[in-house]
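Two forms, one protein chain; C-alpha cells for each follow separately as structure 1 and structure 2.
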Structure 1
C-alpha cells in the first residue's frame, strides 16, 4: 500500500481521530503495550524537529491511552543507537519498535535481532538495508526530492552548465535522493564537477563548499541535498563573494529556507518538503496496530512537490523547531 500527502499535521489529526474512535475501550484493556521509539539525537535542525515531534507524540498517546507505554530513546551515533536497542530489548518486552536508523547498514542487523522476538517494526525515513525486516515504513519520496529539484534546475540552466553536489550520510534516503537527481541530470549536458559527503551538517557543508570554491573557478549551481547543509553553502559562497553561482538549492523545507522562497530569493527560489513530523505519524500508526484493531503494513510515502513563492505559505510553520 502506498499513501501520499504533503500535510503531515493533517494526517496526524486524522489518525488521532480514528484512534480515538477505535480506542474507546482502551482504558478497560488489561494488557499493557510497550512501544520503543529509537531516533537520532538533535544533531542538526531536521533531527531536532524529529525529537520535538516524537516527544509530543509520547505525551499525547500516554495521556490518552493508559495501557500504552512509549519509551523514547535518542542516540548521537549509529554505535550508540545499536547499544540502545540492545538495552531496550534486554530490559523490556517490546511489542513494537519505531526506529529512525542513524545509518542503514549498521542498524539493519540489530533491528533484525529485535524483530526475532516477535516485535512489530516500524521504520521511519532512513530505510534499512533489508526491507523485509520492516512491517511498516513511513518516509518521504526521496527519489522525487532529487528528481523534482533536478528537473527545475535543468530547465533554469537550459540543460547545460557545471554544478557541485553535497551528499548527506550513507543511508538509503541519501542514495535515493542522489539517484533521483543524477538520473535527471544524466539526460542533460550539465556536468557534476564534484559530489562528496557533508553529513547533513551545516559546519561540514561550509567547509566542503569552501573546498569546492577553491577548486573550481566556475560553478553554475549547487545542490546541497538538505537545508542544514544549504545554510553552510550559502555562508561559504557569500564569504567568497562568488557571483558565478546562479542557484543554491537544498531540500526538506526548513522554515528559514521557506522564508527565502517566500521572499523570491534569486539564488534559492525553490525547495522541497520533507517534514520531521513524519515520526509522529509513524508512532500514531503503530499505536493503531495494537489498540485500534487497524492492521498497519506496507509503505507510506509523502509527496515532494516543489515549494515555490506561489505555494510556500502552505509549507511554512513559524512555530516549528525546523
Structure 2
C-alpha cells in the first residue's frame, strides 16, 4: 500500500513537474527565487490547518513579490516526503526549502542532501535529528502548552482538586505536553486520577470520558491535550449531566473551541495555541531572508499564550478547516 502510494505520488509529481517545467521556461525570467514547501497531507484537523495556511501564504506572497515562486508539495507518508524532496531538488534550482518533516530520523539525510546544493533550510515543528542542517527553525512550544494550561487550572481550582487527563498518540509532541502539564500539577495538591490514550480522536475521547465518568464519582476538571478530543469529552459530560466538572480544557486552538472561548463558555473559558499557522510564519520569515535580506538564521519558538475571550479574535480563522 505504502509502495503504491509512493509510486502514485511520484507519478503525479513527475506529471506535475513536466507541466511546470514547460511552463517554467516562459516564466523563468520573472521569478528568480524558488522556495519549495514540503508538508504532510491533510489527514487530520491539525495538518488540514497546515495545508490551508501554507496555501494562504503561497497566494499572499506570490501576489506581493512577483519575483518569488513558491512550490507547495504535500506528502502522505515519510517515504513519500523523501521522494518528493528528491523530485523537487532534481528538477529545480531551489533557493530555499521550508519543511515540516513527517519524522525526524528518516528526513534528516534527504534534507541534508538538499542543503548540499546550497539551499536555505527552514525546519518547522518537528526538529531534524541533526540540528546543524537547519538554517532556521520555527516551532511551537509543546511543554508550554501543557504548563500554561496547568498554571491556569491550578489557579482556578485554588491548587487542589481531582482531575483526569486524555493523552493523544504516543509521540514526542504528546510526551512534551504531558510533561509540561504534570510537572506544574505535581507542585500543587491537585490529584491526577487517571491518564489514558485517546489517540487525538473525537470518538475515542468520547468513549474514554464516558468510562472516566463511570469510574470516578467526582471530577473537578478534565484536560484533553487537544481540542479535537475536547469536543468528544464535552459531549460525554453533557450526556452524563454531571455538574461536578468545572473545567474541560483542550489545546491547539481549533476553531470550534475558539468559538466556545469567544462565547465565554463557563466550562471551556480558555484554550492554548499550538497553531498550524506556524507554517505561515516560517514561509514569511524565509521570504524575508531573500527578499528583504533580513537576517533570519536561528531558532524561533512560538509562545503558547492563553487564548481568552479578549484575544480570541487573533487566533480565529473561520475559513480554515481547523
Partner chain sequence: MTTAAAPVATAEEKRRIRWADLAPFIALGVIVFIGILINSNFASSANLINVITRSAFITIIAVGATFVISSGGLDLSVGSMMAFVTGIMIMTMNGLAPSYGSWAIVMGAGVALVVGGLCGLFNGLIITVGRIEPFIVTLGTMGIFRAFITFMSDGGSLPIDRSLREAYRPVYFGDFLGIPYPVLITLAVVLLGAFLLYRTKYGRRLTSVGSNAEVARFSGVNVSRVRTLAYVIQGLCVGVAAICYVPRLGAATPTTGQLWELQVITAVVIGGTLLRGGRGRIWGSVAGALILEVIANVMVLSDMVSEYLVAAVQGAIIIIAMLAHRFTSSR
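Residue numbers count along the first chain shown, from 1. Values in this document were obtained by computation on a predicted structure and should not be read as measured data.
Looking at both structures, it is structure 1 that matches the form predicted alone. The rigid parts of the chain swing between structure 1 and structure 2, and the hinge residue from 228, 302, 53, 95 is 302. Rigid-body analysis on C-alpha atoms gives a rotation of 25° for the smaller part relative to the larger between structure 1 and structure 2.
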